[in-house]
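So this first bit is one chain, no partners, the form predicted on its own, shown in structure tokens.
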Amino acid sequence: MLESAGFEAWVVGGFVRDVLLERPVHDIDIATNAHWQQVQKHCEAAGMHTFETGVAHGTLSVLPAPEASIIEVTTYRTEGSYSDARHPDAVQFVSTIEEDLARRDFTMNAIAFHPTRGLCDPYGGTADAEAGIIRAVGIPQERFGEDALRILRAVRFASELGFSLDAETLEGANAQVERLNKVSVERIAIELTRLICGAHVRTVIMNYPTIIDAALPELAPMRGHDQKSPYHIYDVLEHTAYVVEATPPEPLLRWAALLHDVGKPATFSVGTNGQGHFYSHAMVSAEIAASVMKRLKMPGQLSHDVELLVRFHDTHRPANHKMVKRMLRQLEGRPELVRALCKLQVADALGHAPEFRERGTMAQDFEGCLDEVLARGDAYTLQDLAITGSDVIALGIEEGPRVGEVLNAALDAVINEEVPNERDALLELVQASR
């Protein structure tokens, strides 16, 4: 449509990269020599909907059809200085696709495609993608100085794609890493989440210490920290990196895995036999995890759940119905959190010395027992009890905190299988406890 109106247009960026890498494609970006007002005029005339989402920088969002995906259409441009280390202070519109590609971050993202003219690849991005290399366009230090978030994007791509930063690009990123403190924590959180959910996260955590430690300084004390334990063959951080990679690539599990042992350096002590100990490290790790999630302004529910998993990650119980119900109660009566905890514990075990990985089997057995408890319909929350607060009050217990105490005691008795979850039996128990 744009070219039939006399303009030039190319598909650019990540869409092209992912097609070349035979990966699933997502957002579509088009670069054109048409200004956004011209794009809007012709798109609206063709019956498309448009949204002025970024017109100050020449970007118009276009919905070609009701069921289609949004397409971002941007005028060819170059960018001025970045005083906030993230956004250009001004843009200048240019006339060629080659000038537009020169402003982009990495060579693999500086490729354009046209169905007739083929690929426009002035910086060798196709060859770099084939070789698994992340290379900055132009002078790396300048690219990262313009937009510091590109530093995290580089290692995030490395985690997702299994690529490596070329030497000059890494040097430029390390030289500008302090500028990350000028980037909004929300943007950093997005990149970190994608990074830790990558298939190659362990390699990235271990190979790019300057960048990882700048983004998450809480991890720095873990790097190289000898655990002095027969249970471990890795230092605290490398153990953590293995655990992260062994969990399903979901934000909850990956964040919990990343932070599950973050409190170990602060709780480290050495016994008389020379063996290392980390007393109360799960509790300290949970406190640090809560602080990290708060600083990154992560969603409240995710932060809450990560803290819970970290707090209980070192709680190992035999797989029986009583223990499962106790854990369900501690995890707010949420079976999905117990399942997540089991998966975290399986991954944690895989990060131990080979001869000490039996706790992974214990966690799998525990999840199997959870299935049995759920299938039986056992009580494990106050809502499951066969009596209510009104029943307790009717027996003469004064309305107030004491009612909750009585109900919780009754639930404990049910979970411990001391009394059946039946109304008459529970009322008798309450009556006897008055």
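Predicted model only: the values in this text are computed from it and were never measured. Residue positions are given as counts along the sequence shown, with the first one as 1.
What comes next is about the form predicted in complex with adenosine-5'-triphosphate (ATP), which does not appear here.
Enquirer: From the list Arg179, Arg103, His352, Arg311, which entry has a heavy atom within 4.5 Å of adenosine-5'-triphosphate (ATP) in the predicted complex?
Expert: Only one option qualifies, and that one is Arg103.
Enquirer: Of these, Glu372, Glu52, Asp27, Glu399, which has a heavy atom no more than 4.5 Å from adenosine-5'-triphosphate (ATP) in the predicted complex?
Expert: Looking at Glu372, Glu52, Asp27, Glu399 one by one, just Asp27 meets the 4.5 Å heavy-atom criterion.
Enquirer: Would you please decide whether Arg194 lies within 4.5 angstroms of adenosine-5'-triphosphate (ATP) in the predicted complex, comparing each non-hydrogen atom pair?
Expert: The answer is yes: Arg194 has a heavy atom within 4.5 Å of adenosine-5'-triphosphate (ATP).
Enquirer: Do Ser159 and adenosine-5'-triphosphate (ATP) come within 4.5 Å of each other in the predicted complex, heavy atoms counted?
Expert: Output for Ser159 is no: heavy atoms all beyond 4.5 Å of adenosine-5'-triphosphate (ATP).
Enquirer: Just checking whether Asn109 would be counted as a contact of adenosine-5'-triphosphate (ATP) in the predicted complex - the rule being heavy atoms within 4.5 angstroms.
Expert: Flag for Asn109 set to yes.
Enquirer: Using 4.5 Å between non-hydrogen atoms, is His281 touching adenosine-5'-triphosphate (ATP) in the predicted complex?
Expert: His281 lies outside the contact set for adenosine-5'-triphosphate (ATP).
Enquirer: Determine which one of 113-121, 338-346, 252-260, 142-150 lies within 4.5 Å of adenosine-5'-triphosphate (ATP) in the predicted complex, judging by heavy atom distances; exactly one does.
Expert: Residues of 142-150 come within 4.5 Å of the partner.
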